[in-house]
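So this first bit is one chain, no partners, the form predicted alone, shown in structure tokens.
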């Protein structure tokens, strides 16, 4: 039996869910297709004394987006922490500090758990009249019809149901099935490294400060969580990452504390270490007839600048804005229409991917004399307040 919708979103992670919520007042019938069963799709609430190891640094531009769609005010404030200061170190030689007041911002970012945002987005979707959920549901075939106003995209599920829509959005992650089915090329370049993440209690207060160290054995970041807690992201070559994962909780805490110069005193491990492979994924075309990609399906980026989900939220915002601006009778799946979304998002994605790749390779290279040159660059930038302000505001999405 064929079922028709205006828009089908394949994948209901943060990017896909935020797009659906952003379209809550649009005259569109939405379908979300999620491969995980409901028990997994709705992230279990994290207990008050437990913390999700997967956290994100949300930029001011994206906290504003989540506020616009009604999500931000409902997030539990006691599980969020603002970043007001950031210190960046090159092998303990070069040093640069960013501050929110100097950038004329209330904060540089907010640190919060992935599950906190996901659960609140899901709660909004449960109450959204124009949304239907198919979960668990696994698509097996995709076909895009002609680009005229009567054309439809067809999605066939594993149970042989046929779903039709004017537009299908691929929000199904780095290994996007929808991207592959549409024949959209993706250049996937592994960094041969993993991001190791874990949370810790710390002996001393962090004072809303984030730290980042460019070390011989990888890029280490400490992100402030509420209370005397921090989230660690250590981006390291595979061998180092596996060694970190093999440590006991006490050994891990001791190693992480020492790597940060023990600036927050003794650490105590709160969550087991987890690791995620790091890739640079470039997708030259993020749209095709009746298909648009958002989030990790459209791009992959090194976590050192903290832009991953921030780019995904901005994808959702841009596409939702375009869809709400469509006039009655306009074909929202036509390639010419979707290319407007691609043009809006292309510049930021390309600039950040190239800049992040450059920084990742520059700060992990071991050429003689390069460390001293990097340290000099940080020190010089630190002495240029106008440049630091520009960099901070760009990272915050406020330019």
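On a predicted model such as this, the values are computed, not experimentally measured, just so you know. Numbering follows the first chain given and starts at 1.
Unshown form predicted in complex with a small molecule; subsequent notes refer to it.
> For the interface check, one of 166 to 174, 249 to 257, 200 to 208, 100 to 108 should have non-hydrogen atoms within 4.5 Å of the small molecule in the predicted complex; which one?
Comparing against the small molecule in the predicted complex, the contact stretch is 166 to 174.
> Using 4.5 Å between non-hydrogen atoms, is residue 307 touching the small molecule in the predicted complex?
Looking in the predicted complex, residue contacts with the small molecule include residue 307, since a heavy atom lies within 4.5 Å.
> With the partner left out here, check for me: in the predicted complex, does some heavy atom of residue 12 sit within 4.5 Å of the small molecule?
Because a heavy atom of residue 12 falls inside 4.5 Å of the small molecule in the predicted complex, the answer is yes.
> I'd like to know if residue 138 sits close to the small molecule in the predicted complex, meaning any non-hydrogen atom pair within 4.5 angstroms.
Answer yes; at least one heavy atom of residue 138 falls within 4.5 Å of the small molecule in the predicted complex.
> Taking heavy atoms and a 4.5 Å cut-off, does residue 34 contact the small molecule in the predicted complex?
Heavy-atom contact with the small molecule at 4.5 Å: present for residue 34.
> Here the chain is shown alone; which of 283, 318, 195, 83 has a heavy atom within 4.5 Å of the small molecule in the predicted complex?
Among 283, 318, 195, 83, a heavy atom within 4.5 Å of the small molecule in the predicted complex occurs only for 195.
> Taking the small molecule in the predicted complex as the reference, which of 51, 56, 341, 65 has a non-hydrogen atom within 4.5 Å?
Here the answer is residue option 56.
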